[in-house]
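Presented below, as structure tokens, is a lone chain in the form predicted on its own.
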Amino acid sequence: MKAVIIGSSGHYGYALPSITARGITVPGIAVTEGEDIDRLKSALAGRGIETAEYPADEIFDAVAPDVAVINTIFSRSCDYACAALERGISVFLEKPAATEFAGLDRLISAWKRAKDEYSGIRLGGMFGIRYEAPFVTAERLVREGRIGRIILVNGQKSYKMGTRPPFYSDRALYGGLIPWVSIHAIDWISHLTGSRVADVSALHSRAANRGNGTMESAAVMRFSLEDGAIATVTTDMLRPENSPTHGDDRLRLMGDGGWLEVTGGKAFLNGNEVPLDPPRDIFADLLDGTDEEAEANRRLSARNLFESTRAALCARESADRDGEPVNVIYDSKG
């Protein structure tokens, strides 16, 4: 199997363990303007992976890979994903899948054509946090019915601002805090409840963004789900630089039969810490099985990527309108 990596702005590292373990070759890498290829080359060299550099617009035809790992500047990702799918290449895509609704619709159309033309093609997003041990454990406990029907969900994403590449100062390039960061928690909500977002109201702020142009520093969202559950998500880039970890991810699920919490890298059921299940490999999940199997088992699927991206874009739209509620319309385009 051959893989290419386009971009160094996201989580290509999610793919590297399986690339190494499975002996997948990486005959080509590429970055787009404004990205640092040395970081990517160093990561590959550290695993003994030899590769060559190509222009991003030429790499698919030059290499003819089986799978493309795409994590370029977020506003550009959709274009390369569509180009890969048109050639029958499976795609492991950084989230958000698109930074605008038009791009998302174009990607969904490209996916539908590819599914009709190429057998076994896959598309999934880089939702790696749900593959970490506490979230894997939470998923199992929910599936076992340990908290009953989920009524309320609270999610938190809190990061250090750090020093960001220049493209984060331009929302037209990075897409906004909600599609970039909050989308992880939106994915947790839909993944664990099995229900899509019906409508959302949201607010965001650029206060204290440390001079990062149009970058938002904080956001809050309220979601109604199609099954009647309600959910909230808060996101911020305000975590102090001297904090012991870069991020602080938290999730609380309240059901009619109990409650479940993920915090501090641990999982708690009804207030009692539970042993953690092993983490899973997200890239292996993408490579193994079919998209239909993934969808049936609520694993990494194209539909999940589309739905989470659409809900995140709707939340951003609501925040741009100072909290005006926005309905999330999943029409024939997904």
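Keep in mind that what you see is a predicted model, and the values were worked out from it rather than measured. Note that residue numbering follows the sequence shown and begins at 1.
The same protein also has a form predicted in complex with another copy of the chain, omitted here; what follows describes it.
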For this session: Sort through P240, P166, G211, G145 and report the residue having a heavy atom within 4.5 Å of another copy of the chain in the predicted bound form.
Result: P240
Problem set entry | One residue of S201, S195, S90, T137 in contact with another copy of the chain, assessed in the predicted bound form (non-hydrogen atom, 4.5 angstroms) | S201
For this session: State yes only if every one of P27, D36 and D105 has a non-hydrogen atom within 4.5 Å of another copy of the chain in the predicted bound form; otherwise state no.
Result: no
For this session: Give a yes or no for E261: in the predicted bound form, does one of its heavy atoms lie within 4.5 Å of a heavy atom belonging to another copy of the chain?
Result: yes
Exercise. So, in the predicted bound form, is S190 in contact with another copy of the chain at a 4.5 angstroms heavy atom limit?
Worked result: no
Exercise. Looking at the partner-bound form in the predicted bound form, is S75 within 4.5 Å of another copy of the chain by any heavy atom?
Worked result: no
Exercise. With the partner left out of view, is G128 within 4.5 angstroms of another copy of the chain in the predicted bound form by any non-hydrogen atom?
Worked result: no
Exercise. Want to guess which of 180-188, 151-159, 75-83, 106-114 is within 4.5 Å of another copy of the chain in the predicted bound form, heavy atoms only?
Worked result: 151-159
Problem set entry | Contacts with another copy of the chain in the predicted bound form, stretch 249-264 (heavy atom within 4.5 Å) | R250, R252, M254, G255, D256, W259, E261
